[in-house]
Ligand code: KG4
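Coming up is one lone chain in structure tokens, specifically the form predicted alone.
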Amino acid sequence: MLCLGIETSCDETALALVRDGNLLDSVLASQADIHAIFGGVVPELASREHCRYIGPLFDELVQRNGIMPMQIDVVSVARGPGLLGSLLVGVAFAKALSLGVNARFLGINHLHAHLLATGLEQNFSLPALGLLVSGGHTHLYYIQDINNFIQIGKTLDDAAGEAFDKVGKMLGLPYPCGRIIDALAVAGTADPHLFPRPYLHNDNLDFSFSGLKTAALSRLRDYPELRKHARSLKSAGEAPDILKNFCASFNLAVVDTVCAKTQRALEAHPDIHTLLFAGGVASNTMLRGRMTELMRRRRGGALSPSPALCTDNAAMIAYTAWLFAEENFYHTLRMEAIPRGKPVPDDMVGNGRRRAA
């Protein structure tokens, strides 16, 4: 079974082909340089760029793999959550293509696909705990099976990745900032008392990083030279200690907070021995190490996609679609895109039953 995946939920235009659960090829056009001018993603620009890239990328993908469009069995697309204008570009293209080549159509939950993408590289068993750490979301899920994700923790305001990007923007680092802060943090020495661990004095599994962002802003006001050093930065190795240590301390506060809530979730679900974690922040050096150690102590496994599959990509969409298509599920062309902030509805059909996307 040949599945095409399309991802346009934010600022990456990506397409991928998965055959029988194996990734054949993928293409991607990044808009990072465009949005870096503004210090963050501009929704209108993002949707315009998707319109410009999506057709040529599809042509490139099928031509270099010697595939005729009529050979595609399933056309899948990230239906949300995400930027509505960006999502609509991908959804419209996918619907038209599926109709034109008479392929099954599937809309995929972008968040769930991040976690299931682990299956492209590693075998895992369910149930599992899912930790999604990205620019827009920091969520915890109890994953019973591939179409039964029970959300047990969520972002109340700023997500972890959003906190990295906003603090990076305050410093004057180029967008996207998370990777740069990670590199500086690895080279620095963290002060565990410099920043608070936000929203831990409770008994729930939700996340809130807005207070940590405010604490970072206060620290920057006390040490204005941090901005000067960040704006003249050429490489992490050449950065002064004050900047590297600031980033290491901030990074530690985020990772400590995420780990504390994850451990709390694991203690509430003693039957779980597998942790799946994904999203852009799952590439963070310290977070990957801490999650591995956390599950090692529980005699379980912490599994994450390789860094290239942690950020937004189409391989995860195509692979998740393949999982559902194997069970004969599909969407009608009435399926709608779902913007950020709204739940993805349970409107997938097949085998006489309704299933979650």
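It should be emphasised that the depicted structure is a prediction, and the values quoted were computed from it without experimental measurement. The first residue of the shown sequence is 1; numbering continues from there.
Beyond what is shown, the protein has a form predicted together with the named molecule; the following relates to that form.
- Stretch-level contact check against the named molecule in the model of the complex with heavy atoms at 4.5 Å: of 210-218, 142-150, 91-99, 108-116, the positive one is 108-116.
- With a 4.5 Å cutoff on heavy atoms, Val281 counts as touching the named molecule in the model of the complex.
- A residue is said to contact a partner when one of its heavy atoms sits within 4.5 Å of a partner heavy atom; His273 fails this definition for the named molecule in the model of the complex, lying far away.
- Contact annotation for Ile54: none of its heavy atoms lies within 4.5 Å of the named molecule in the model of the complex.
- Heavy atoms of Ser26 never reach within 4.5 Å of the named molecule in the model of the complex, leaving it off the interface.
- Taking the partner from elsewhere, every residue among Ser134, Gly178 and Cys310 has a non-hydrogen atom within 4.5 angstroms of the named molecule in the model of the complex.
- With the partner removed from view, the residue among Asp157, Asp206, Asp182, Asp256 that has a non-hydrogen atom within 4.5 Å of the named molecule in the model of the complex turns out to be Asp182.
- Here is the short version: of Pro198, Gly161, Gly168, Gly188, the single residue with a heavy atom within 4.5 Å of the named molecule in the model of the complex is Gly161.
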